[in-house]
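In structure tokens, the next block holds one chain alone, the form predicted alone.
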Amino acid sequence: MPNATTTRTGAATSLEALPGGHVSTNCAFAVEFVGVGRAFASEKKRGARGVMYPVLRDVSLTVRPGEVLAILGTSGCGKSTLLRIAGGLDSPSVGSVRIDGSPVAGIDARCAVGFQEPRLLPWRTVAANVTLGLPAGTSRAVGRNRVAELLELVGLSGFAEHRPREISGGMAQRASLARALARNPGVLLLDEPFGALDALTKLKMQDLLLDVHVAAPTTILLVTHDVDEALQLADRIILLGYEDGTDKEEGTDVADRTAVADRTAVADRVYGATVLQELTVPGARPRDRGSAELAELRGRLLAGLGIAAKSTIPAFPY
């Protein structure tokens, strides 16, 4: 097996042998969810049999290679759980996930994860933190060049030797993104990566992510609560939620609440969040944030999240 390959931007980097014979490459991979469901065991009470609490059910979709898919939904509907399942950090109770046509079984090194917090090691420099993302076996010279390339890509070349305490929150998030890209992932999993940033920094980071995707067009699954962020970044948006007649908190059919008051029948029922809407976002990126077409989609998504649209424009004549 060769020990090096060429990155999207031309620099060489090592290949990494992965469990199941997979190799870390620079390709953007398709991700396929087939009938994915996930349930967690609830705490047992004395004298009661175990009950499964369903979080996700019957999630089936395909993310195309190089596509940016945004996952929207209310808190607790399983967005992060779905992301963890995609990366092999969790396993579905039913169904399966495939990346590039082969199943996800355990932590999958074809994926990289970006979190809401930068999670940089405070005693290491920015460059040394990014180095942690390099594939195992990368030579020192190749790694040094790759890290320098990534720091330039995210605009941190001048801060390579700074410690995390010496840079801003937005800069730390950029370093975290560079670390995730260091392994040349076929799939980049982003779990509310800009959620902790102020509004202006968030907009700048959204623009940066678009620039990064042009330079390194990997497949991206983006979990967010921000409808405008999803419309600005994604090719396609899915809305996770609960179909009419189901109750998120209990995971049971509202009409049948009395029939399962003792919760013993819940394990045999199929509830949980699923894909309620799937929208293709029109227009090439970067998009006009003031677009009327995006405003119409924003209204549909907000309605799906349970937020009634209210016009702020006075009726004519004024």
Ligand SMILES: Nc1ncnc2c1ncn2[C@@H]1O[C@H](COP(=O)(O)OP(=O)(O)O)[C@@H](O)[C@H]1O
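In case it trips you up, residue 1 is the first one in the sequence shown, and so on. Between two forms, the rigid core is defined as the largest C-alpha subset superposing within 1.5 Å. Computed from a predicted model, the values in this text were never measured in an experiment.
What follows is about the form predicted together with this ligand, which we do not show.
J.: With this ligand left out of view, which of 77, 188, 134, 238 would have a heavy atom within 4.5 Å of it in the predicted bound form?
T.: Partner contact (heavy atom, 4.5 Å) among the options: 77.
J.: Under a 4.5 angstroms heavy atom criterion, identify the one residue in 173, 129, 232, 81 near this ligand in the predicted bound form.
T.: Here the answer is residue option 81.
J.: Name the stretch, out of 200-208, 157-165, 106-114, 67-75, where some heavy atom lies within 4.5 Å of this ligand in the predicted bound form.
T.: Partner-contacting stretch among the options: 67-75.
J.: Residue 63 near this ligand in the predicted bound form, any heavy atom under 4.5 Å?
T.: No - in the predicted bound form, heavy atoms of residue 63 and this ligand never come within 4.5 Å of each other.
J.: Any of the heavy atoms of residue 55 lying within 4.5 Å of this ligand in the predicted bound form?
T.: It does: once this ligand is placed as it appears in the predicted bound form, residue 55 has a heavy atom within 4.5 Å of it.
J.: Would the C-alpha of residue 93 be classed as shifted by 2 Å or more between this form and the one not shown after rigid-core alignment?
T.: No, because once the rigid core is superposed, the C-alpha of residue 93 moves less than 2 Å between this form and the one not shown.
J.: Rigid core superposed, CA of residue 119 - does it shift 2 Å or more between this form and the one not shown?
T.: Superposed on the core, residue 119 moves its C-alpha 2 Å or more between this form and the one not shown.
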